[in-house]
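Before any questions on binding or motion, here is one chain by itself as structure tokens, the form predicted alone.
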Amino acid sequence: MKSKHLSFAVLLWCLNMITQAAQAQLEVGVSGGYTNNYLRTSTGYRTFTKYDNRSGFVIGIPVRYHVNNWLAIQADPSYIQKNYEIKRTHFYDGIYQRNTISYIQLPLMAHFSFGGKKLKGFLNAGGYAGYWAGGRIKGVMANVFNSGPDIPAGEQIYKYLQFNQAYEYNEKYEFDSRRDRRIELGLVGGIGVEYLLADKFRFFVEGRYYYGLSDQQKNYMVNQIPRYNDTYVLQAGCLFSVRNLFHHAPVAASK
């Protein structure tokens, strides 16, 4: 009976030591920043049409586990906007659609750091999976059911919207399960600097690039033109050492 109690005590001690060691190497935090997304595609047969990038924002909860003093594993669950705009030009000038697209995303990266104990540079590299959570579309198109004013004979026509009145819309994007692919996979890379304050708080600034590998559309039509997201992010944040947050005596988060 005594030996069982002793074994149980040793097991608890081992678990406690493992937990403390894991806490010392684990950091969690918050981050946020600016996004700029470009839709990588082709206008195909649509003349006088172009895609423009648009800005948005990102909010994340980074979680980092230090393997040693130069390598860590980082996950960064986040809400991110990947916006873009379709614009008609020349004769069709004035017709456009702004797409505000939101994703719930999980990047998983290797975090390589270099430099001193407090001030370090770092590189992030890995992949991500995202879920197209929602969207909103806002724009102007020609109202084919409401003609514009009569055009006098001989008057020069410069814009398509002279034939029809403009129809403005601003509405929630309705998903089509036959067309929209809501899961996105891709690659991610980033570079930045970080500063460790009082062995508890690690502030960082990072530039990051998401390269989409998944077409936003399912294979639903002939001669389909694929569309991929290219997203640039500039963000800042702070990580907190889990061990040091709950202990009065600070313990270095990384060696």
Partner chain sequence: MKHLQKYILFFSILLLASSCRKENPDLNKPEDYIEGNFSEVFDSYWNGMNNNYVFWDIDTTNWDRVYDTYKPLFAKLNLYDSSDVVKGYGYFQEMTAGLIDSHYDISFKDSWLADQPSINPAYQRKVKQPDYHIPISIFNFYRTIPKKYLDAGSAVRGFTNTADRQYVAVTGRINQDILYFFCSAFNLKSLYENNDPANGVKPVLQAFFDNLKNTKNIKGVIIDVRGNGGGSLADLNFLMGKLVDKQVDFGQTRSKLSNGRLDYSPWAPAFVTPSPDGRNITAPIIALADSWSVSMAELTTMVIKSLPNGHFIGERTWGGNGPLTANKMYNGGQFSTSFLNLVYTSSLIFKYRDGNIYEGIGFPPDQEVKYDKAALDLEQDKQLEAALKLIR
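Everything numeric here is computed off the predicted structure, so don't read it as measured data. Residue numbers count along the first chain shown, from 1.
There is also a form predicted in complex with the partner chain; it is not shown, and the following applies to it.
Peer 1: In the predicted bound form, which of the stretches 220-228, 197-205, 59-67, 28-36 has residues with heavy atoms within 4.5 Å of the partner chain?
Peer 2: Single hit among the candidates: 220-228.
Peer 1: Of 79, 112, 175, 131, which residue is found within 4.5 angstroms of the partner chain in the predicted bound form when only non-hydrogen atoms are counted?
Peer 2: None of the other options qualify; the answer is 112.
Peer 1: I'd like to know whether residue 55 contacts the partner chain in the predicted bound form, with contact meaning heavy atoms within 4.5 angstroms.
Peer 2: Although the partner chain is absent here, residue 55 would stay clear of it in the predicted bound form, with no heavy atoms inside 4.5 Å.
Peer 1: Can residue 97 be called a contact residue for the partner chain in the predicted bound form at 4.5 Å between heavy atoms?
Peer 2: The answer is yes: residue 97 has a heavy atom within 4.5 Å of the partner chain.
Peer 1: With a 4.5 Å heavy atom cut-off, would you call residue 118 a contact of the partner chain in the predicted bound form?
Peer 2: Because no heavy atom of residue 118 falls inside 4.5 Å of the partner chain in the predicted bound form, the answer is no.
Peer 1: Using the partner position in the predicted bound form, report whether residue 179 sits within 4.5 Å of the partner chain, counting heavy atoms only.
Peer 2: Yes, residue 179 is a contact residue.
Peer 1: Using a 4.5 Å heavy atom cutoff, which residues in 54-91 contact the partner chain in the predicted bound form? It's fine if the answer is none.
Peer 2: Residues within 4.5 Å: 70, 86, 88.
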